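One chain comes next, on its own, written out as structure tokens in the form predicted alone.
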């Protein structure tokens, strides 16, 4: 079985982000593997261990620095990586087409894992666009997964704790949620071995992707502003409790 995992090179959520111009960020901050994609990699590696005679191939679209993210994925157990190199910031429409082209150039996928979203743009669209381009069924926020020879069986976590049960024919696209597994982080030996694994680099322009009729772009980035202000409640305990209830009812509107 050929297992593909689509991953993304994203800024560390703990980093201090600085906006440059209207719609750029200072990329001198630390970048890493998108946290949701860790679960996709882990599930791909587990599936290989379960069925044997398989290969896990990680694919990403990004700048040359994204090789560092692919090295992390290889250290987690993927067999090889593919970097589609570009200095642009393609939207989810073009990204899906690029991933499709690179995967089809490499081989025939039996299953594709992705994270359910990326922590930078949080668009949650790429997996659906990729599945549509490949004419495959897709499920997202998957928290339980199994397969037989012809089908995948998944549980998708919905709002309010509801779970949706799906049966899909293979091949298909699986968007992993955090509840699916607990990623095993690589040891020093795993990291050393990863450096010997292949990372194929493809220039985006060489894929000759047809330009989509529609596109999206980020017109402006703004830092999130904390609107809440601390308020100290003073007085006797009975008075404080009465005022707190009033705040929760009238301002927070949770009562």
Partner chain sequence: MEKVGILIEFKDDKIKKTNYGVITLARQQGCELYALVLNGNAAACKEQLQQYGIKKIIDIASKEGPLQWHPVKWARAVVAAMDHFGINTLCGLTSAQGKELLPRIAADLDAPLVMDCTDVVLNERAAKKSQFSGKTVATIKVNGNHFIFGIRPNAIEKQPDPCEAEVIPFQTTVDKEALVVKEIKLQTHTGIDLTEADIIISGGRGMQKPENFAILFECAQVIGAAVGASRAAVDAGWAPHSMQVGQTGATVSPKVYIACGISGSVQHFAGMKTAGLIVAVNTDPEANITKNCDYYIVADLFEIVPILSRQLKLVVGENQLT
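Residue numbers count along the first chain shown, from 1. None of the values given here were measured: they were computed from a predicted structure.
Although not depicted, the form predicted together with the partner chain is the subject of the following passage.
Student: Exactly one stretch in 165-173, 67-75, 106-114, 80-88 has heavy atoms within 4.5 Å of the partner chain in the predicted bound form; which is it?
Tutor: It is the stretch 165-173.
Student: Contact between residue 222 and the partner chain in the predicted bound form at 4.5 Å, heavy atoms?
Tutor: It does: once the partner chain is placed as it appears in the predicted bound form, residue 222 has a heavy atom within 4.5 Å of it.
Student: I'd like to check something about residue 128: if you look in the predicted bound form, is any of its heavy atoms closer than or equal to 4.5 Å to a heavy atom of the partner chain?
Tutor: Taking the distances in the predicted bound form, the answer for residue 128 is yes, it comes within 4.5 Å of the partner chain.
Student: Can any non-hydrogen atom of residue 184 be found within 4.5 angstroms of the partner chain in the predicted bound form?
Tutor: Residue 184: no, not in contact with the partner chain in the predicted bound form.
Student: Although the partner isn't part of this model, could you tell me whether residue 93 comes within 4.5 Å of the partner chain in the predicted bound form, counting any heavy atom of the residue?
Tutor: Result yes; residue 93 sits at the interface with the partner chain in the predicted bound form.
Student: Mind checking whether each of 55, 147 and 191 has a heavy atom within 4.5 Å of the partner chain in the predicted bound form?
Tutor: No: no residue has a heavy atom within 4.5 Å of the partner.
Student: Of 97-134, which residues get within 4.5 Å of the partner chain in the predicted bound form if you count heavy atoms?
Tutor: Heavy-atom contacts within 4.5 Å come from 97, 119, 120, 121, 122, 123, 124, 125, 128, 129, 132.
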